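Below, in structure tokens: the form predicted alone, a single chain.
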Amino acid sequence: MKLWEKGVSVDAAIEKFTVGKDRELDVLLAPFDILGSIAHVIMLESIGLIGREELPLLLTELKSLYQESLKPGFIIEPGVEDIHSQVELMLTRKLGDLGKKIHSGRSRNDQVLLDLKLFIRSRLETIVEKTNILAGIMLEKSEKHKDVLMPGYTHLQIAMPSSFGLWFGAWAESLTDDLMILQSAWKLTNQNPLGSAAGYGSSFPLNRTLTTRLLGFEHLNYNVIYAQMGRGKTERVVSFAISNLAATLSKLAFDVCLYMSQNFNFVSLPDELTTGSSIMPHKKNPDVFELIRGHCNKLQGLPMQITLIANNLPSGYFRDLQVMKELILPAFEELEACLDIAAYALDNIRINHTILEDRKYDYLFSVEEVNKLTLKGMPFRDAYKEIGRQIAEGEFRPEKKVDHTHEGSIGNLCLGEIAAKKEEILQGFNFADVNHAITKLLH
């Protein structure tokens, strides 16, 4: 079944190529396509295109279909082109010609636009929740280990004292800023394209404000051409938010892999969270973080792929955009899995409290000793040379303590301020409003 069929059969090879992976990927969009149809038929009844007595019949069947679409066995049947056709087919089986009325005032173009926005909006909420959990773990670890010193590096050379409080706190704040980027993607996504039809509107007197409210959108994509131009733009902006978060996770994973090596021995994982070697019985490999790094490095390429598909398309709809679904839809599950396993592993990570007992880390405190001489009145440059002389002549014996007090330093981690910034960003997502609207629509 195809919504555009006019009695001419399409060549089998052409059909196979043009449908692509739509049938399997569209299953992910099924609940959202049905939600859009529920809002659409309510609107159609309000403008007289569906009878008052017909609306309850359509709503009952659509809500039943919605519940069915959430079950693992839901499929798009062989010979059915996409989710839009599948939903209409299932309705017409139950309601006859009444089921055919749901397409009035819509094009597959604005249907897929709507489905994608509803899907992305839902998955962004999940990503935000999981990012918040991971950031919370990092804040907790930072507070717990705030007094445990560790080496800080520049150029992979021993540089200055750091602390596990500082290290964990850095990732908490990085994830907080990632939430800010996710919020931009959420706000762009949370605009209603329904009613733009094929990109040029409809001669039916559609009430687009009503569907915007019913579906819990914050705003309407007003200009119908721009609504269509949003296909590709939404995916690109969202992919940058995904890529940005993936970059944080990848960098974090690299740190953990490095710090778990015997050469560093800063952190470790319980044996049951590591893997072994088929030939080396001593091995305890950080495979989980290596795979996080691999998946997240892959996800960082997503914006470029999407940009290259859309960057030379004029306004209007083109089938090229179908290829984006194959990239953007699976990316959410991949990132969610990385966030979940990172949170689980980091919640169980163990730290080494005795790192700085090794004499090779004495040089970490050279700047501390320079600063002490400067505070006693010696010019900084002279103090720098004096400590340099002590190091060169083997006389350097530092006091392995730090006294950092400024904001964001070892002695003043500002964890409360980071947590407050995170909460302020989270308040900018109107998840509660959206979920209330969807719950109301389904009841």
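Predicted, not measured: the structure shown is a model, and the values here were computed from it. Residues carry their position along the shown sequence, with the first being 1.
The following text describes the form predicted in complex with ligand ARG, which does not appear among the structures shown.
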Contact segment among 183-191, 149-157, 101-109, 330-338, judged by heavy atoms lying within 4.5 Å of ligand ARG in the predicted bound form: 101-109
Using the partner position in the predicted bound form, report whether residue 322 sits within 4.5 Å of ligand ARG, counting heavy atoms only. yes
Is it the case that residue 84, even though its partner is missing from this view, gets within 4.5 Å of ligand ARG in the predicted bound form, heavy atoms only? yes
Give a yes or no for residue 317: in the predicted bound form, does one of its heavy atoms lie within 4.5 Å of a heavy atom belonging to ligand ARG? yes
May I ask you to check whether residue 123 falls inside a 4.5 Å heavy atom distance of ligand ARG in the predicted bound form? no
Scan 293, 208, 141, 231 and let me know which has any heavy atom within 4.5 Å of ligand ARG in the predicted bound form. 231
